[in-house]
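Quick setup: one chain, the form predicted alone, written in structure tokens, and binding and motion questions come after.
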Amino acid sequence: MKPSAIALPIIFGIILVGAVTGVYAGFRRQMNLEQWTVAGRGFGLILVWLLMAGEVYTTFAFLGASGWAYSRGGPTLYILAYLTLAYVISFFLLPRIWEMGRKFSLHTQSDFFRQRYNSQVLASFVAIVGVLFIIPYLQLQLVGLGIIVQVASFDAVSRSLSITIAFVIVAGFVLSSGIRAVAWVSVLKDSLMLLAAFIVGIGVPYHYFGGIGAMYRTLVQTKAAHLTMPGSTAHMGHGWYISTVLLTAVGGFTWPHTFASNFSAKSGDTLRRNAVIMPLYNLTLPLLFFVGFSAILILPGLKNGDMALLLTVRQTFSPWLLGLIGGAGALTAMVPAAILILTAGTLFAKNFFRPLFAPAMSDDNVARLAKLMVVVITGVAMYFAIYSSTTLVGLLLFAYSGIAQFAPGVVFGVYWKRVTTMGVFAGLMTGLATGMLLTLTKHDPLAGLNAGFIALCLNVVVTVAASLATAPQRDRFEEQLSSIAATQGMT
């Protein structure tokens, strides 16, 4: 029997179980806007943990981390640092955002901006920018799934066909069950991902080198510079490392889809507990690094580092284990893809289209339009996934350079009463324009620093300066922040 005939049925079987779980999650529930987007704000610690882990530990972690370990080396370690720092920030920031969401029935990040700054124009701008930067993150997931099926089928199934299949499945269970589908499929996804990470992270170095330490000794003897800054790159030195860690840590919980997960929690205390236990998941990342570093010695000369993990697994283990690991990887693509398209569809319908073009639209009609946009947005991401060649981590960093520009508006909105609508708008426009200009003109990094970080620094300066130069907005906002601070002090 051909190896692909063993691996592929296992992968598709796991995908099928995930799809059925996602559809069943919303069975016999009325999927109104509240249930579809934030699940009635009733998730406890376990479901919040699984949901947020499903968003953070994606194809980027499963294939991208090992791919960058293979192709770039030392700079890859920024991933461990930024995730740990992001959880520290989330401990203080997310409960306050959750309290505002509960008090004012917010569903999206754009709702937060509208409520805090009393500006529908700003809120609509935030919504459309959020949708635009969700697309490369969604593209990342679809590309990853395409790689998985292509490698597991020994190239019998093309990447474009597997991406199309993923599009149909993910859109199907999001349309039927909303955010509940994402949370429940995360149970299966996280279980399999943990199992796969330990199998390959320990098994590959022991199979070829006799242990992890022996693998590193061999790598040091043959390619020592790969493990230090700037690794196998020309510009990703210590300045790039520090600036990238700060950019991605600050931007880690200002993604639009994290607001939906945040609002789904049943209390602010749930989010604090989640911030404490989430770093445990980082234990899987070094295991994936080990595979990428091993692959340098096992499969030298790969043109696409993102292929390193699965090609190494295919060469090392039996087809059924390749199928199991491929299935785990497929779910790491499907779960975050689901929450991304749900968020993007909701942002477009609720926060962009309705206020600007159809103010009288009911919540039920908003939900219908959001579901239609799920199909449209995923189709756009699918097109780029098929025809683009950007690496997985490269896609994520590009998206972060834009999404992190929301951070001043979010952080100042929670902690600084003097910030104004004009200040946030001016800072956001400055940050987005600078980041995109530097990235698109290939000036990233600039002077050794991440271009998105430079843009974020300018964003902060302009936000503060413009806020101080405009009239204070201290009417209802001071009351909002005071009541939230009082509530947080009692919990």
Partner chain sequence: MNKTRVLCFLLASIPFLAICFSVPLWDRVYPLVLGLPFNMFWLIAWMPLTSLCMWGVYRLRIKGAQGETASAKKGAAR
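Numbering follows the first chain given and starts at 1. Think of the rigid core as the biggest set of C-alphas that the two forms share within 1.5 Å after superposition. This is a predicted model, so every value here is computed, not measured.
If you look for the form predicted in complex with its partner chain, you will not find it shown, but the lines that follow are about it.
**Student:** Report yes if any heavy atom of A234 sits within 4.5 Å of a heavy atom of its partner chain in the model of the complex; otherwise report no.
**Tutor:** Taking the distances in the model of the complex, the answer for A234 is no, it never comes within 4.5 Å of its partner chain.
**Student:** In the model of the complex, does F384 come within 4.5 Å of its partner chain, counting heavy atoms only?
**Tutor:** Heavy-atom contact with its partner chain at 4.5 Å: absent for F384.
**Student:** So in the model of the complex, does H238 come within 4.5 Å of its partner chain, heavy atom to heavy atom?
**Tutor:** H238 belongs to the contact set for its partner chain.
**Student:** Is there a non-hydrogen atom of F91 within 4.5 angstroms of a non-hydrogen atom of its partner chain in the model of the complex?
**Tutor:** Because a heavy atom of F91 falls inside 4.5 Å of its partner chain in the model of the complex, the answer is yes.
**Student:** Tell me which of 402-410, 416-424, 111-119, 83-91 has residues with heavy atoms within 4.5 angstroms of its partner chain in the model of the complex?
**Tutor:** Of the options, only 83-91 has residues within 4.5 Å of the partner.
**Student:** Ok, S318, S362, S105, T228: which has a heavy atom sitting within 4.5 Å of its partner chain in the model of the complex?
**Tutor:** Of S318, S362, S105, T228, the residue with a heavy atom within 4.5 Å of its partner chain in the model of the complex is T228.
**Student:** Which one of I242, V380, L195, L356 is close to its partner chain in the model of the complex, taking close to mean a heavy atom within 4.5 Å?
**Tutor:** None of the others qualify; the residue that does is I242.
**Student:** Kindly confirm or deny that L77, R272 and F290 each have some heavy atom within 4.5 angstroms of its partner chain in the model of the complex.
**Tutor:** All of them do, each having a heavy atom within 4.5 Å of the partner.
**Student:** Note that its partner chain is not shown here; using its position in the model of the complex, name the residues of 187-214 with a heavy atom within 4.5 Å of it, in sequence order.
**Tutor:** Going through 187-214 in order - heavy atoms within 4.5 Å of its partner chain in the model of the complex - the hits are I212, G213.
**Student:** After a core superposition, would you say Y281 shifts its C-alpha by at least 2 Å between the shown form and the other one?
**Tutor:** After core superposition, the displacement of the Y281 C-alpha between the shown form and the other one reaches the 2 Å mark, so yes.
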